[in-house]
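Single chain ahead, by itself, as structure tokens, in the form predicted on its own.
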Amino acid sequence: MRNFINLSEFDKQTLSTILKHAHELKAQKFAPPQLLKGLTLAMMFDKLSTRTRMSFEVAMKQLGGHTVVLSMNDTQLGGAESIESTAQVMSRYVDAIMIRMSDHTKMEELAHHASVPIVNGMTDISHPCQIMASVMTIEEKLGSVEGKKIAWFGDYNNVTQSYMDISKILNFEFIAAMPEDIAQNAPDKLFVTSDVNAAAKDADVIVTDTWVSLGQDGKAIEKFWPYQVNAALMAQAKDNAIFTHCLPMHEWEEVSEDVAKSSASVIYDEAENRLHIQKAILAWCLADAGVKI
């Protein structure tokens, strides 16, 4: 089954092909090919969502398909019915399932039992579609991502993990600047420092995310202020460096207003590219259904 769950499971050729197709589909945004005509995507959420819901729903409909949107409260998933039974029933109704849920293990269990592709809309440890949109945006602005230096500032979360995973596949440098107590618990494979200037020096891309994610209300943020992306930090990067953020922002905590609204900021380009990269991801997942770009 062509699932799209963990970036670490893919090779460079597959991800590069999906990215290439995303650029092609974006070029046809005003006359999208009806690749998914007659196909249905189930979309399941256990968290609030703006970009994930809108981008997947519009992507599916622009390409001629249909969507069914469900919250976890609308289904038996996690209730009296087993994940195995839910997966098998849903597989009889739809052609693919996009799910955004906290528990990554449950998503993988769902994929194990489903007979249709599962797409990871986000879990607590992985956000693959978002990072593919980010890479697509970097390619648009700076050319190939290979050999680029991408510097991360702030907390360690699912976005950090996904950047680290894809950096090994697409051969770019990824360095994370974060407080020492967080760095101590980061994966050994992550190149991490508490020196913000060293991380930002000669970077091609500066990246951050919220310090307080959904479900972390009341979290202390004082230790993150030295890691705010601001004009002084951007000055350490290359002259043509870009700034990106997966959104939503906590204004103006992890990034200053002058940077977020500067010409270096590509945050809304990346938000749009969620739409186009997910078209290409869905097409790749549904290739066995006869979908071709």
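Since this is a predicted model, take the numbers as computed values, not measurements. Note that residue numbering begins at 1 and tracks the sequence as displayed.
Not on display, but discussed next: the form predicted together with a small molecule.
> Please pick, from A27, A231, L48, V68, the one residue with any non-hydrogen atom lying within 4.5 angstroms of the small molecule in the model of the complex.
Going through each option in turn, the one that passes is L48.
> Of L39, L247, A260, V58, which residue is found within 4.5 angstroms of the small molecule in the model of the complex when only non-hydrogen atoms are counted?
Of L39, L247, A260, V58, the residue with a heavy atom within 4.5 Å of the small molecule in the model of the complex is L247.
> Using a 4.5 Å heavy atom cut-off, state whether R100 contacts the small molecule in the model of the complex.
Although the small molecule is absent here, R100 would touch it in the model of the complex, with heavy atoms inside 4.5 Å.
> Determine whether any heavy atom of R274 comes within 4.5 Å of a heavy atom of the small molecule in the model of the complex, and answer yes or no.
Flag for R274 set to yes.
> When the contact criterion is heavy atoms within 4.5 Å, does T52 count as touching the small molecule in the model of the complex?
Yes, contact at 4.5 Å.
> Considering only heavy atoms, tell me if S134 and the small molecule come within 4.5 Å of each other in the model of the complex.
Close contact is absent here: in the model of the complex, S134 is far from the small molecule, nothing within 4.5 Å, heavy atoms only.
> Counting only non-hydrogen atoms, which stretch in 122-130, 199-207, 82-90, 165-173 is within 4.5 Å of the small molecule in the model of the complex?
Going by heavy atoms within 4.5 Å, the stretch is 122-130.
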